[in-house]
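Here's a solo chain for you in structure tokens, the form predicted on its own.
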């Protein structure tokens, strides 16, 4: 799947509608790369012209900042802002809520003002504009529970776009006891993804997976690569991986539409 870089677009004298910020997980993590590929299929199906930065994209700096290395964060952020400005980027979409939050809410303080949307928000807009339709029959009758990622939910107040997409799949949406503003973190935020557990602590993802499994779901869905990793690990720990799937919303749409 060959995707044009923004540099290639500029060399052709063209402007894409949107820049897809792939992110570290979406570029290098084997599981998250499947989400990137699914989202690209959706963009192509909707006729959206988009580009990536390719090798010019580097980490947003979010993990460094959450781990306490403000200097490294600012170095990464300023480099990215300079790159984005050099290409006169106006609108960015990301499949990672951590990238989304950093680009949207933290880069402006360093001079990086861009319109930033999460992929669930963009997909909802594409449906509302009539550029994309979702076929619902594929998952009819399936029990699906949705995990609110912290950076989309409590931090940015976005609860409805993902649920709106799920409602179009003709599924039974079963909410966990803690959801929306009371949703429980998967355990990977705040740079916890990159450190060892503290002795004696029960892993947060185990608590969250137990809450999900209480709903007897066929599918647990999320919209964050970190959350997907933590939920998968928790379900494997419960030896339920053959019974319960963990999928990003974009993967559900791709499968429903046979993209």
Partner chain sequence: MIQQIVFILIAAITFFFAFKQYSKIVRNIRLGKSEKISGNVGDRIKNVALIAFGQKKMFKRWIPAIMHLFIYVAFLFTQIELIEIIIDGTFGIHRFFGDKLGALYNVIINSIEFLSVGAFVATIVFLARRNLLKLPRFTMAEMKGWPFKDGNLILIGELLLLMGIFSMNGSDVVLQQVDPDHFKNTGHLLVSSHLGPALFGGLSESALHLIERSGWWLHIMVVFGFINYLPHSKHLHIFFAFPNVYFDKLQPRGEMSNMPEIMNEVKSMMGLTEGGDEEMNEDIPEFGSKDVFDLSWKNILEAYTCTECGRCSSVCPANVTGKKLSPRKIMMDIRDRADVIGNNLDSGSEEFKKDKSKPLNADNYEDGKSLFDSITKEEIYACTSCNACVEACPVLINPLEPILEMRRYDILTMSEGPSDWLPMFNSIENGGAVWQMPDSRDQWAQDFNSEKA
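These figures come from a predicted structure and were not determined experimentally. Positions refer to the first chain, counted from 1.
A second form of this protein, the form predicted together with its partner chain, is not displayed here; the remarks below concern that form.
For the options 133, 79, 167, 125, the one in contact with its partner chain in the model of the complex, meaning a heavy atom within 4.5 Å, is 79. Only one of 117, 173, 155, 161 lies close to its partner chain in the model of the complex, with a heavy atom inside 4.5 Å, and it is 155.
Contact check for 92, 212 and 239: none of the three has a heavy atom within 4.5 Å of its partner chain in the model of the complex. Proximity of residue 24 to its partner chain in the model of the complex falls within the 4.5 Å heavy atom cutoff. In the model of the complex, residue 218 stays away from its partner chain, with no heavy atom inside 4.5 Å. Within this chain, residue 231 is remote from the site of its partner chain in the model of the complex, having no heavy atom within 4.5 Å. At the 4.5 Å threshold, heavy atoms of residue 45 stay clear of its partner chain in the model of the complex, well away from it. With contact defined as any non-hydrogen atom lying within 4.5 angstroms of its partner chain in the model of the complex, the contacting residues in 95-112 are 101, 105, 106, 109, 110, given in sequence order.
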